[in-house]
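A lone chain, given as structure tokens: the form predicted alone.
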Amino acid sequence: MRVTVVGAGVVGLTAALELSERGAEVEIVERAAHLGEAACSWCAGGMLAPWCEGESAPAEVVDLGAQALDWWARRVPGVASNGTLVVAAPRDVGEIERFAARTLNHERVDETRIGALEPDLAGRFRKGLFFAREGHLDPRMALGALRDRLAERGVAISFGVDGAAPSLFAGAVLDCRGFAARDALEELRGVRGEMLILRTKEISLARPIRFLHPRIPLYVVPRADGLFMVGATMIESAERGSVTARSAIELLSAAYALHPAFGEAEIVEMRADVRPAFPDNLPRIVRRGATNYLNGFYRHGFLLSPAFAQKAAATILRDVRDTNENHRQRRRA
């Protein structure tokens, strides 16, 4: 069973691993010159937070995303299971009530409990929500770990190969090109996301913090060596480009409001990319001719890729088996 996976972002790598683990002979082709160069998953927050996402996402995201933490923990190192803390400024405590009403599996926390969970936030927030069953990972480390795990299984990634012509590849083809697949999936739209990476030794966080604001909700995700990923923007646009001045100001202002130490942080990186989304903001598997397309992950790449990788692998391998059986029957006839 030969399968060519097109695209080496999080969706392509998780699907390739699922296919390999189920016995397929897999090859990955990627148009970029190296891992992460053209993948919007390189800019992701890496939050495995299905119940928080339920604030705005359909129930399917919550149900399928709940599988993600275990899938990642069994396959890559460094997955943290410290939960998610949601807070709001005292003047915006109504946002906490709104968020609580739309989500499940959270614990209401007061000022004392917030300080116990995150000592550097002690005394800054009166009310919050703690989602103890959630987790997070570093996306770039996770992509590298998937690449290494695939290599151990004999799955190679061919970089610098344009996968826009699937008929050139042997065997079944699974297209995971993200927004680049809009040449075949006309219904895809782009949702621009912008992020910052800051470095400071003045604050320490054990888990992702979602800082609610009526206009500019923010998340801060801790990484190693005093690094923090700051993000939140969702702009209906297919323009990549650089981070805009407005977004940079809003993200930095919100980070400063979360903790003033971020005002003195070093800006290590500013980056923008376009996430692919279908009209309902849910991923799907689309069959076009001999090619299956796995796409439309919107802002849920790391959260939903395990569940959809399993679905795609099962679909493709069933189709291959059915095709092979039909060929055998015709030969007998």
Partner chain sequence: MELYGVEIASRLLLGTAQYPSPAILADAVRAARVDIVTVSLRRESGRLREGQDFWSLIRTLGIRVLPNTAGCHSVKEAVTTAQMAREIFATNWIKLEVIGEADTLQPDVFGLAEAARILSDDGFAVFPYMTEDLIVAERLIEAGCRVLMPWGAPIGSGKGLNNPFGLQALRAHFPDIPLVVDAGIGLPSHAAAAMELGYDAVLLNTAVAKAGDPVAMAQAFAGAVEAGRAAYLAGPMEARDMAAPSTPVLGRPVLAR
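As the structure is a computational prediction, the values presented were derived from the model and not from experiment. Residue numbers count along the first chain shown, from 1.
Absent from the display: the form predicted in complex with its partner chain. The rest refers to it.
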Query - Full three-residue contact with its partner chain in the predicted complex, heavy atom 4.5 Å, for G190, E236 and D280 - result: yes
Query raised in the report: Among S81, N105, T244, S253, which has any heavy atom within 4.5 Å of its partner chain in the predicted complex?
Result: T244
Requested in this report: Let me know the one among G115, G226, G263, P214 whose heavy atoms come within 4.5 Å of its partner chain in the predicted complex, would you?
Outcome: P214
Requested in this report: Go through 133 to 141, 179 to 187, 202 to 210, 115 to 123 and give me the stretch that gets within 4.5 Å of its partner chain in the predicted complex, heavy atoms only.
Outcome: 179 to 187
Query raised in the report: Taking the shortest heavy atom distance, is Q67 within 4.5 Å of its partner chain in the predicted complex?
Result: no
Requested in this report: Spell out, yes or no, whether the shortest heavy atom distance between R98 and its partner chain in the predicted complex is within 4.5 Å.
Outcome: yes
Query raised in the report: Does its partner chain get within 4.5 angstroms of any non-hydrogen atom of E55 in the predicted complex?
Result: yes
Query raised in the report: At the 4.5 Å heavy atom threshold, is R91 in contact with its partner chain in the predicted complex?
Result: yes
